[in-house]
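Next up is one chain by itself, shown in structure tokens, the form predicted alone.
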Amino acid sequence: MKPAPFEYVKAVSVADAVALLTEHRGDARLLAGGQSLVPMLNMRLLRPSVVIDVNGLADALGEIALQGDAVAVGALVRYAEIERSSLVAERVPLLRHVVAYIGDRQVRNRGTVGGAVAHADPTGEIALVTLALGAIMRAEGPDGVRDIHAEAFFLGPYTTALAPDEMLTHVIFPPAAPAFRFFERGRKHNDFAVLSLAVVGRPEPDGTWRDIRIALGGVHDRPVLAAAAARALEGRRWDDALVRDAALLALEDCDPPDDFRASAEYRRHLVPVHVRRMLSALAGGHE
């Protein structure tokens, strides 16, 4: 299929893009990498009256930079740039690790961090990482700039806290716990995840663990934190029984869907199995 008719406009600045979004409130879409938007247009799942191309704004939105002790990733940064960034490797290693799981080389050369976050796919790897690392989404609209914490940003499937006249400009990653593990289960290579999981934590010299965050994808209408499981693990020394019990608690914070990829029952089976495995791997310092 081909897209329904739309007007194509190139934004010349962030302010220009915001003005266009405001003018066409609710009936415009931003085009960055286009890896999600273009297929949805072609299938007519989206029928905007205007598509606003923001690829010309790389000077403002295409950098990876330190902001104090945080790493600010511009919305137009491509996945391939994340893979090559020494700053990301040093400060946000989970992000760099996870990017390798996204699509193929062609997709990673075009897809953008901001596009993935704003798309809010419940199975998306980048959305999952922002939640696991407690990232902040910086948005700009007609009323100025505002910061939205990841926990408040994802509202539902393909739905975010961005207003129709706001655009995401940066994803800001604060300092995070250094130890992490990531897992993704799909039906086949490069398919959407049936389950994805990112775990981060900080091992202390006394054998306890702090700053635990367990993010789950594909098992709710949005990426979610397994808060009950993290609370059970926080500040404690882990043994097999504690890890097993915490993994079961992860089910309290998800509501797996039924779809053609997997049943809700199967997803509920997978959650504690793989949470336990990732926690055990984290504690043991191995994959």
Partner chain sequence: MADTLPHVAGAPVGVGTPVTRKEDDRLLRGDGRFTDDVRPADALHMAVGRCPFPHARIAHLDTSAAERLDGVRHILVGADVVAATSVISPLRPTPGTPDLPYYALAPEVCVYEGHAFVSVAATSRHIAEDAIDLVEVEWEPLPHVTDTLAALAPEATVLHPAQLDSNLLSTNPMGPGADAELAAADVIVEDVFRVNRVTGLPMEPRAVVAEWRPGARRLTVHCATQVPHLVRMQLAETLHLDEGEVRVIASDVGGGYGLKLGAYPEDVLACLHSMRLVRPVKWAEDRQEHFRATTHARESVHRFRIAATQTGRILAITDTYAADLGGQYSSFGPAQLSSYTYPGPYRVTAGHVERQVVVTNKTPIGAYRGYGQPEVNFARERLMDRLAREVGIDPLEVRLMNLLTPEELPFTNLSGAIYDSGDYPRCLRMAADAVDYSGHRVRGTVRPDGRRTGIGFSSFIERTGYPSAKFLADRRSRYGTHESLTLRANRTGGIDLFTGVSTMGQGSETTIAQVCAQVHGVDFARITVHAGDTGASPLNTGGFSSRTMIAAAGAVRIAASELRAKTLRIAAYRLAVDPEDLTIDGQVVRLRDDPACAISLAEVHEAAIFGRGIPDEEDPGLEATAHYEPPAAAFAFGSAAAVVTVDPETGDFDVDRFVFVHDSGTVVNPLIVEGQVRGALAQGFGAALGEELRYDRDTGQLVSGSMLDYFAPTAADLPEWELLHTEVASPVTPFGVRGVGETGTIPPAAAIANAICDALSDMNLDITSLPITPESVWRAIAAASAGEGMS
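On a predicted model such as this, the values are computed, not experimentally measured, just so you know. Positions refer to the first chain, counted from 1.
Beyond what is shown, the protein has a form predicted in complex with the partner chain; the following relates to that form.
Only one of 235-243, 39-47, 59-67, 248-256 places residue heavy atoms within 4.5 angstroms of the partner chain in the predicted bound form, namely 39-47.
Of the listed positions (H149, R185, R202, R146), a single one reaches within 4.5 angstroms of the partner chain by any non-hydrogen atom in the predicted bound form, namely R185.
A262 is the sole member of I52, A262, V224, A230 with a non-hydrogen atom lying within 4.5 angstroms of the partner chain in the predicted bound form. In the predicted bound form, the partner chain lies farther than 4.5 Å from every heavy atom of Y101. When contacts are judged by a 4.5 Å heavy atom cut-off, G285 does not count as touching the partner chain in the predicted bound form. In the predicted bound form, no heavy atom of A281 sits within 4.5 Å of the partner chain. Among heavy atoms of R276, some come within 4.5 Å of the partner chain in the predicted bound form. Contacts with the partner chain in the predicted bound form, taken as any heavy atom within 4.5 Å, map to no residue of 15-33.
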